[in-house]
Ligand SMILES: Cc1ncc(COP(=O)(O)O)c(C=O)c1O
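This document starts with one chain, in the form predicted alone, laid out as structure tokens.
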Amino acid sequence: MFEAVPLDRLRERTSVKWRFFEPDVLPMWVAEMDVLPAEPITHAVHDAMLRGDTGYPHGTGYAEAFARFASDTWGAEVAVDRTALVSDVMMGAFELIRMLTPPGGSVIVTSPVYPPFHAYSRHAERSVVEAPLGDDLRLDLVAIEEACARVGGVADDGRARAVLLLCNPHNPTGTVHTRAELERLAAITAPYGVRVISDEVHAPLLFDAEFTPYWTVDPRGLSLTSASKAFNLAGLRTALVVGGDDTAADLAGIAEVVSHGPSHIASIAHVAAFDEGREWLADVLDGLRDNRALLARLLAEHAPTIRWRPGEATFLAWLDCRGTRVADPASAPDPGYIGLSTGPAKAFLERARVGLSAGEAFGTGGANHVRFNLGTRPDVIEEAVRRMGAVA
């Protein structure tokens, strides 16, 4: 799957992954995979264009397709009447944060975590409260409860003073939260009135773990999902909010302006992905398993000072560079999305010509780490690690 597109053809792509850095830089950063779409997706989009079916989305076809996928893949049931279509996962999270909390409220995040969790929360005029992961890169439930105790409660208008924005599976570590952890999380947040919004966009990309959708353990929980990451459809924007048993009123309160954001063509593509792209997804996962084994071997051979604890999901590797020559004692959280001003990512870019996501952008716990995208050609992975090892 990852050798089907030659490197020179990848360099012809005009998306941000292949255009952000200069041409001599190997782009191992943003979460785009270097694969061709599943044929059923291409056919579905092509047929829609031939029909002139390019209007606004309508109906519950997306929710129904995801319900079939969730049932078959995880044994999880989706109530279609407790879903809502939104333009993408993070815009859905942004609108839920604004709907569930008052201005000046708080968003609890489990850093190091996907940088837009910080940026979108601040743009929504909510304060970010970190409850960092433990040393084992799993949820620190004690830290989460302490954060809930500090900022939780009910505001004068009846809304929650705080929400917890969860990443499940976790980006960047690839950790898959267990059912027991999620049940405990629901029990911890409820007494403080803290609502949980769970980003589950990487959930189809599982290796050795069992995925538990958050809506199945918390009746007030709200999950956000999409085919965008697993099926490499980030440029075709649409996503779904799935709510627990007690969220009907929340979903009904989502503003009409939000429901007008999704693309009809994107929804057609995502339905094809969930229904007809499963064999393609299995092949991608096989390729990712091979790439993970390759990365482990290459790091041991060429960059032994870079440490990696393989995650249980996603095509992202969270690399610990604290023992390298490019570790920066002054490295600190960076408010930027990419965060290239300090840390090992800056050195790898300038001295090795490898573009990585800087750990500093992921918040507390991200200093002197980088996020490495495994969803590419094996020879690109090998060349990137060789270059990194030469300076690490």
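It should be emphasised that the depicted structure is a prediction, and the values quoted were computed from it without experimental measurement. From 1 onward, residues are counted along the sequence shown.
Just so you know, the form predicted together with this ligand exists too; it's not on screen, but the next bit is about it.
Check your understanding: Mind checking whether each of M90, Y114 and V201 has a heavy atom within 4.5 Å of this ligand in the predicted complex?
Key -> Answer is yes for this spot.
Review point. Of R237, H177, H118, R161, which residue is found within 4.5 angstroms of this ligand in the predicted complex when only non-hydrogen atoms are counted?
Key: Residue within 4.5 Å of the partner: R237.
Point to revise | L349, A31, A65, A44 - the one with a heavy atom within 4.5 Å of this ligand in the predicted complex | key: It is A31.
Check your understanding: Among 296-304, 77-85, 226-234, 149-157, which stretch has residues with heavy atoms no more than 4.5 Å from this ligand in the predicted complex?
Key -> Selected range: 226-234.
**Study point:** in the predicted complex, N171 touching this ligand (heavy atom, 4.5 Å)
**Key:** Yes.
Check your understanding: Would V217 sit within 4.5 Å of this ligand in the predicted complex, counting heavy atoms only?
Key -> V217 lies outside the contact set for this ligand.
Exercise for review: Look up in the predicted complex whether C167 has a non-hydrogen atom within 4.5 angstroms of this ligand, and give yes or no.
Suggested key: Yes, contact at 4.5 Å.
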